[in-house]
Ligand code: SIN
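Given next, in structure tokens, is a single chain: the form predicted on its own.
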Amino acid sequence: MLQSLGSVSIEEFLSNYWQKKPLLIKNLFPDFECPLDHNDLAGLSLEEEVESRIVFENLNGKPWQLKHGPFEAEFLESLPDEDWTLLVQGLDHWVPEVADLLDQFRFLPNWRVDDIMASFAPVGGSVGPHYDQYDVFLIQAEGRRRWQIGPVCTASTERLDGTPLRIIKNMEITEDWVLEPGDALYLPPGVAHFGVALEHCITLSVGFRSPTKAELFSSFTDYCCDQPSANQHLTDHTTKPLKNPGKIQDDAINDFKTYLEEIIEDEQMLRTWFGEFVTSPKHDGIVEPVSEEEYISEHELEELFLVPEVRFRWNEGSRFSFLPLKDSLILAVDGHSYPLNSANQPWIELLCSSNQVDKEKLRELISDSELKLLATLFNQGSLRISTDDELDDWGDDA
């Protein structure tokens, strides 16, 4: 985990910059080596399951146009020498070395992590002046990119017509910076920004997104509707003839209000729902149960603890969090929840602290009775086994 962001301490960053204002961080990752190149990104963009798109500054006379992948190799080979950008979303779901970058940002909540996006651009490539509704660290991984920063935008900010993108019209420039490999730029939600490649370059965008209140309400009401109490019918308290049958009595409203209050005050249910909601995989197919041949029993898992070259890590795309309660806690992993007693907190905290699990320390903390839960996490696809040479040959399988 990063101990500081350049000359800014983590404490100062969280107090003065996080979700408030931009921060340029020179040489955040000294001697940074990009874990993949433009050929790797091009190869990923050919795959059906990988979300990719290309932004053209001008296409057939129209400004800032967009094409979605997967692409054909012939199309990529026909691209011009400048003024376009290839974007590959969810790179951390496919490349272990990229997923490991997230461990540098564990001073922020796991549940806020969205994904890591890669953008490759030749000279002049850009996605236009725009703003996003999430926090992002823009890590310059290869080449140089010029970033112009503007003010915070709102729904009333004027946009350019004739493009499917949220392009700002006449963006005001407040800062102008050039990022080199290893530099990073933090941007909070709503801040206008415009990045242009000065040479062939790759930028890694580490995104942190929070759900909208509408998304929360929708998910929570769906969850409540699945509870047995939701099948109970509302009753009225009519005990004498009404003066006007068209009047809705207060008792009907108050009864439903009481039901809502009971739900909100059910702390275990509320936290269980929230944990399941915020750890659900971003897309279907990212975290899948293992096949019958790969199934791990508790006994086999115990033996794997003894194999030095075997490492435990989260599946790329998995999300781990926990929620303490008064005398217990809830482990939330990839949309599943597991109620546990508070004695399990030490190993649960270790499990949720990093995508690269400290196997030796885990074995010291976990009891034999909890091996069943750990095996469940392996078999549902949230944890997986890796070996020391895995990171060297990931590209051969991409």
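Numbering starts at 1 and follows the sequence shown. Keep in mind it's a predicted model, so treat the numbers as computed, not measured.
Below, we refer to the form predicted in complex with succinic acid, which is not included among the displayed structures.
Only one of N315, T272, S119, T279 comes within 4.5 Å of succinic acid in the predicted bound form through a heavy atom, and that residue is S119. This chain appears without its partner; in the predicted bound form, the one residue of V113, L101, I168, V127 with a heavy atom within 4.5 Å of succinic acid is V127. Proximity to succinic acid in the predicted bound form, taken as heavy atoms within 4.5 Å, picks out 143-151 from the listed stretches 143-151, 292-300, 324-332, 259-267. Proximity to succinic acid in the predicted bound form holds for none of H38, L41 and Q89, with the criterion being a heavy atom within 4.5 Å.
Interface membership of L138, defined by any non-hydrogen atom within 4.5 Å of succinic acid in the predicted bound form, is confirmed. Although the partner is absent here, H193 sits close enough that one of its heavy atoms falls within 4.5 Å of succinic acid in the predicted bound form. Taking the partner from elsewhere, D255 is found to have every heavy atom lying beyond 4.5 Å of succinic acid in the predicted bound form.
Taking the partner from elsewhere, E175 is found to have every heavy atom lying beyond 4.5 Å of succinic acid in the predicted bound form.
In the predicted bound form, succinic acid lies within 4.5 angstroms of at least one heavy atom of each of the following residues of 183-214: H193, T203, S205, in sequence order.
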